[in-house]
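Shown below, as structure tokens, is a lone chain in the form predicted alone; questions about how it binds or moves come after it.
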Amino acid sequence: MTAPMVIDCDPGPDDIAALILARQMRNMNVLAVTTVAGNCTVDVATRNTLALMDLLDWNIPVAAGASQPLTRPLRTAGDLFGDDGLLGVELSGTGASGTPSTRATDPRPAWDLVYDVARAAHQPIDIVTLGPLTNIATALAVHPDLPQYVERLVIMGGAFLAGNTTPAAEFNAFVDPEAAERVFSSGIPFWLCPLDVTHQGYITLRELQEVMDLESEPARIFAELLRRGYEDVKHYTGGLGVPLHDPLAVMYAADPSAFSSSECFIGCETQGSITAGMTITDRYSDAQLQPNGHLVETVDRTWFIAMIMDILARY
């Protein structure tokens, strides 16, 4: 049986791309989407999510969550993605300059919706996180029994070779390192998809054109969002293409068979002007710290891109 799932996100171009994929994955049972401040403010992230729900005719609850990190001022990616969070790409007329969605958000805050969905499910749920971990950390604080209702967390975040926001930190972990550390130490089994593996899961300009050639509106938006950001992010892959950070985490949650991972200790540094948000592992040290999570390390890119093409062709 496919596990019920909640996706927590901060759309954001690659969040939108990930949700477009999740809508058509046959082995994903997404029960709700929650939003958090990260790539953009939580209000913009929620507006973008509701617009996408309209486009995809996806009738599941959407709840807004944290408007700022647990203890820090919010830092968004507005310099990279613009004030609308989407590089000016309109979601079929519902973008920053279009008509807002008439859908209402769920009245519950994100952390209560996550908890209620988890308790109501007939089996432990999966939670896939694509932004800062503020909502999940808050849910753990407000509902300390949440872990018993969660099968696993699949987290896009962290970096071990090099960060993309500071030399040490990936954006999601940098925005709210205290939340990341709380979630990592919660006891919930988790699989972390860091930059080290998402940079392997890139899509080329030629492949984006193949997506555009599918001619559906969701495929067009998927390709256009990623193509507009190409010049700013291509250096992460040595100029090979656009890394698919959030889509990779969603794909891992759906089918981990083409990935490799290692069980190990994973933590997040909360101090220092450069090191705050730095994720660390202990796989080999003499300290032999107790494993608390799983580090996703490699992906079969040929399989990854073929699966994306197959999913998008279903629209």
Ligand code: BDR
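So that there is no doubt, residue numbering starts at 1 and follows the sequence shown. All figures in this text were calculated on a predicted structure; none of them were measured in a lab.
Although not depicted, the form predicted in complex with this ligand is the subject of the following passage.
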| property | result |
| --- | --- |
| All of 166, 196 and 278 within 4.5 Å of this ligand in the predicted bound form, heavy atom check | no |
| Heavy atom within 4.5 Å of this ligand in the predicted bound form - the one residue of 202, 184, 111, 171 that qualifies | 171 |
| Non-hydrogen atom contact residue 46 with this ligand in the predicted bound form at 4.5 angstroms | no |
| Residue 130, heavy atom within 4.5 angstroms of this ligand in the predicted bound form | yes |
| is_contact(residue 180, this ligand) in the predicted bound form, heavy atom dist at most 4.5 Å | no |
| Non-hydrogen atom contact residue 136 with this ligand in the predicted bound form at 4.5 angstroms | no |
| Contact stretch among 120-128, 203-211, 217-225, 238-246 - heavy atom within 4.5 Å of this ligand in the predicted bound form | 238-246 |
| Residues of stretch 36-65 in contact with this ligand in the predicted bound form (4.5 Å, non-hydrogen atom) | 39 |
